[in-house]
Structures are given as structure tokens and as C-alpha cells.
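Just one chain follows, in the form predicted on its own, and it is written as C-alpha cells.
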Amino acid sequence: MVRLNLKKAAYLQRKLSELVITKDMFNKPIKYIAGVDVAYRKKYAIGVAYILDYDKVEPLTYSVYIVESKVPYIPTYLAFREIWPMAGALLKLKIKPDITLVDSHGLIHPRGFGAATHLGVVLNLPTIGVAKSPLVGKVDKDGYIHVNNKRVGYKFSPKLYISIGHRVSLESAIEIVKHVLRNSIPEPTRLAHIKANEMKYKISME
């Protein structure tokens, strides 16, 4: 495992957060939406990107990218552990998504740069953070989440928190997630999560 220099990592997050775009800069109408997630087995990280037809919310194809995981899990520094498998899986997709849902936080982060935002900025992709539990911020009476006096996310339920990633406004993020929401989890990240965990036991790893 690599020992992450937290001081330098935090500095990088703060500097890169200056590049975040919080207005809509994605293809309209949306044709394809992706979900990305990462699973782990032994020393490997398995990144999966699943792409769906946006209108029908039907799966089309997926890609898998496996890399040796060298960074330990550290709260608020998740991107340094997961960006390589997530980016690798996205770049392998045969269809380029118009929007990508990331199973992590975006701007709901103490330094305004969660893994969903980190991935969006590095790849210059429109992203939305989709998480199962809160990290920071205050929820107002209407469900909006505020961090450092900025409205950056929305609480759909006690197990679904969405936030701006990159190149997507909060209003659009809410609308997009609502459109692909099935049961309690958005369909793109649900499929990516299932496939990533399936791949743990289908691939030989020594």
C-alpha cells in the first residue's frame, strides 16, 4: 500500500475544486447515462461502468477495468483510491455517456471535491454524486443540502444523497436522478454495483 500524504492530497483537492463547473454543460437531450462503481477482492480494485439508454432506462453495455489497489481507504480521500478503476472502466466504454452517476459524493465534501467531482474534473465529464449516507452539510426543510453556505446537494431519502459532481447544475442533477430512480437506488449505479460484485468471483486473481 502507498502511504498517502494527506496534506498534499487535501491541497490538491482544494486547488482542483477551483475548476468545478456547477452549471449545465452536457449534451441535450440526454441519450446515454452511465453508472460507475468499484468493488475489491484481495489487492485488486474492480471498476465497472454500466451504460443505459436514458429515455427507456434500459441497460445497453458495460465495461470492466481491474487495477491493483495501492491506496488504503481514508474518509474524504476516496478518489485517490478509486479514480483509476472508475476512469479506466469509463474510458473502455464503446458508447460515450452524456451523464455519469458516480457511487460517491460530489460537492458534499469538506473540501468541495468528492470522488464524483474529482472524476468529472479529471476526465472533463458531466458527473453527479450518488451516495447512500451523508458526509457533511446541513439539510434544510426542503431537502437541500448546504455545505459552506452553498446549496450543493439534495436528500432523496435517508439512504440516497445526491450532489453536483461537475458540469451539471443541482436542479438538473435532481431531475436526472429522479428519472432513473428505480426502487431506492438509481438504476445506473445499481447495475454497476451488482456487476462489480459479480466480477469479484468471476475473475481469477492470484
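Don't overthink the numbering: it's just position in the shown sequence, from 1. Nothing here was measured: the structure is a model prediction, and the numbers come from that model.
The next section is about a form of this same protein that is not shown, the form predicted together with the DNA.
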4.5 angstroms heavy atom contact with the DNA in the predicted bound form for L135: yes
A39 within 4.5 Å of the DNA in the predicted bound form, heavy atoms: yes
4.5 Å heavy atom contact, S104 and the DNA in the predicted bound form: yes
4.5 angstroms heavy atom contact with the DNA in the predicted bound form for L78: yes
Three-residue site Y73, A131 and H193 fully in contact with the DNA in the predicted bound form at 4.5 Å by heavy atom: yes
